[in-house]
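Only one chain is included here, represented as structure tokens and corresponding to the form predicted on its own.
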């Protein structure tokens, strides 16, 4: 027997219903905010992620599904969604057209890491990206959209925010941080030792308890922000305050990818185990330029869908559609004809074999149908179809021609 690969799972009932429910309603909210759907390839050039996500990140260093294809090209399964959308934005010359473009996407991502609850090697993300808008109003707008999505599904969360500075204030802070880390390097884990030379700010993202103790007195970016970054972050906080949105400022929040600048945020939940970040994002004003495009500000977020499915509840009484079946072999062709006409406007499930009425009712209920409609020997003679409303528990005999319409 061949099983699914470790860390990869089938999406089967009842989770598939929740999955579709999430995509449908998250997409609707994104459209309400003026975002348009975009789909990018699952397979991309490896270089795309090395240049965007950063070679210092765990994703590029340890977790990418990378290989050489038959044409000798280094390619990989996408580990996250933003880089591919940015690549598409540049390739289709939106960076040269000017104006603001807003996209949302959803699909599978791949990371070779240790599978655990809420973290798979193939997982699905829903994300949004906004290009061309530098105003901190958009930072607030993006956070509010993510909040609306989580609120719609009844997800309990804590919002954490931070600022990561810009190309003006980050370099001097990095120098101070490197000096501090060099002094305590002997006690740091191997990953943090490597980050001193590659991307020192990422040490704050380390989950090693000993590293966190050593970092308690480390310099923090907040005290070294330039005036522009200070004003931007204060603006974001003031607007969230005015709107009554609760949040925590977390100076350790640096996000896991190298391309973030200025505003960064995460929504965390205690209901999903140790991996408690359900969604996050931030601003990346230089990423388009890093990937060869014209300098364009950007901001977005991504949601890990699998992490939310266990927290989403769908009302059980939302039965809909018709189940059609026959109790006489001579009625099978008629049932098939009715189903094909009916499903042009209604959700229809049909049984192609004869069963007892009890068996038909049981199957209709199991498939979540509102109505069970069957034709037996007597109904066939009279030109009728027997229909039962499985919610209101009412039943009727209806003329077949009338039922078709």
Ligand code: HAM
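What you see is a predicted model, and the numbers here were worked out from it, not measured in a lab. Positions refer to the first chain, counted from 1.
As for the form predicted together with histidyl-adenosine monophosphate, it is not shown, yet the points below apply to it.
Taking non-hydrogen atoms only, residue 303 approaches histidyl-adenosine monophosphate to within 4.5 angstroms in the predicted complex. When histidyl-adenosine monophosphate is considered in the predicted complex, residue 260 lines it closely, a heavy atom lying within 4.5 Å. Not displayed here, histidyl-adenosine monophosphate is approached by residue 277 to within 4.5 Å at the level of heavy atoms in the predicted complex. None of the heavy atoms of residue 180 is located within 4.5 Å of histidyl-adenosine monophosphate in the predicted complex. Proximity to histidyl-adenosine monophosphate in the predicted complex, defined as a heavy atom within 4.5 Å, holds among 82, 296, 162, 232 only for 82. Think of it this way: in the predicted complex, histidyl-adenosine monophosphate has a heavy atom of just one of 94, 247, 153, 123 within 4.5 Å, and the residue is 123. Residues within 4.5 angstroms of histidyl-adenosine monophosphate in the predicted complex, judged by any non-hydrogen atom, belong to 128 to 136 and to none of the other stretches in 237 to 245, 128 to 136, 207 to 215, 69 to 77.
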